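Here we start with a single chain on its own, the form predicted alone, put down as structure tokens.
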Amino acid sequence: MFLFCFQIMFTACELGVFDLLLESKELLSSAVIAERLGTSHIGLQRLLEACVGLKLLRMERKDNEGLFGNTDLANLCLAKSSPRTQYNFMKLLSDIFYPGSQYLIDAVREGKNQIQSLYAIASNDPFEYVYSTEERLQRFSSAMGDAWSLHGQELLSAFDLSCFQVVCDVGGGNGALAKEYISLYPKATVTIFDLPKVVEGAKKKSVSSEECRISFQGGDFFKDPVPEADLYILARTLHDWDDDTCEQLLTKIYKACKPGGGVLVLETVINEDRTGPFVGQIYSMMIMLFCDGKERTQSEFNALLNAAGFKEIQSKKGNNYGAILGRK
């Protein structure tokens, strides 16, 4: 049922329902929407009614006819033209993650990812497939960046980070989180450190002149030296890897970190009794399909950071993600 509800939402998004209603600035009938979108009136009527049930659309009756409009959620997150759209993330789920759910039973039985079965590749590295074409790379980077348009400022303001003026976003992708950082801390500079092909793709969509405090450096954060910085950000990165690999990466960052500097981890944080949150439990199942990592509890993050050498660990929970700051 959950997957089908998502498909209803994504279908409306893909067809352009939310964009049309956002641009129209008035309630429209199903007949008008169907005509403008070039769809079947019967099919669209059912889709619109389902979106009303999901609280994605609102409906008012006038002259015995239903008129439809976006809810605030649809205007903010679901219209592709919205400044905080989650369209890219939904498309990634629809095209890559959800089709792979057929292999979930194998992942549970075997306790390991199903990358080779999913993509018919010899490698056990999920990113080999994701980064194999420019289109997939751009889609993945855009999808990962979507989250920070919604949650970035909330998490980056969880602590006063103004003392960290030289920042390295490790695995920072297209720079979406870096943009949020410099908007909050105008004196800071951020280096995005990611694989060369990721950096190349990000540069093609280069940051605007007022964001010149963002720079890019290509490299493999497991194999190459990381740039020296006051603060390192690991945003939705550690959950891809097992504990040993995470500890190796954090230890490497600790050695590169300036005295008094720190690491900021942004991840979904599982309750200590592992009863939730639900979104974290869902992500953890998805990760089991594609990676060797997992979503972790606060105590598990503390153990990883302590093992690497970080002290004075602070944590705060946001709406969907947690912010964890460790100091050197």
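The first residue of the sequence shown is number 1, and the count goes up from there. Just so it is clear, the structure is predicted and the values come from calculations on it, not from any experiment.
Although not depicted, the form predicted together with S-adenosylmethionine (SAM) is the subject of the following passage.
> Out of 157-165, 144-152, 79-87, 105-113, where are the residues with a heavy atom within 4.5 Å of S-adenosylmethionine (SAM) in the model of the complex?
Replying inline: Residues of 144-152 come within 4.5 Å of the partner.
> With the partner left out of view, is F140 within 4.5 angstroms of S-adenosylmethionine (SAM) in the model of the complex by any non-hydrogen atom?
Replying inline: Yes, F140 lies within 4.5 Å of S-adenosylmethionine (SAM) in the model of the complex.
> Is T237 close to S-adenosylmethionine (SAM) in the model of the complex, meaning a heavy atom pair under 4.5 Å apart or at it?
Replying inline: Contact check for T237: yes, within 4.5 Å of S-adenosylmethionine (SAM) in the model of the complex.
>> Please tell me whether any heavy atom belonging to V198 falls inside 4.5 Å of a heavy atom of S-adenosylmethionine (SAM), as the geometry stands in the model of the complex.
In response: V198: yes, in contact with S-adenosylmethionine (SAM) in the model of the complex.
> Quick one: is D95 in contact with S-adenosylmethionine (SAM) in the model of the complex, heavy atoms, 4.5 Å cut-off?
Replying inline: Looking in the model of the complex, residue contacts with S-adenosylmethionine (SAM) do not include D95, since no heavy atom lies within 4.5 Å.
>> For S-adenosylmethionine (SAM), considered in the model of the complex: do all three of G172, D194 and F222 come within 4.5 Å of it, counting heavy atoms only?
In response: Every residue of the candidate spot has a heavy atom within 4.5 Å of S-adenosylmethionine (SAM) in the model of the complex.
> What residues in 44-60 sit within 4.5 Å of S-adenosylmethionine (SAM) in the model of the complex, counting heavy atoms only?
Replying inline: Contacting residues: none.
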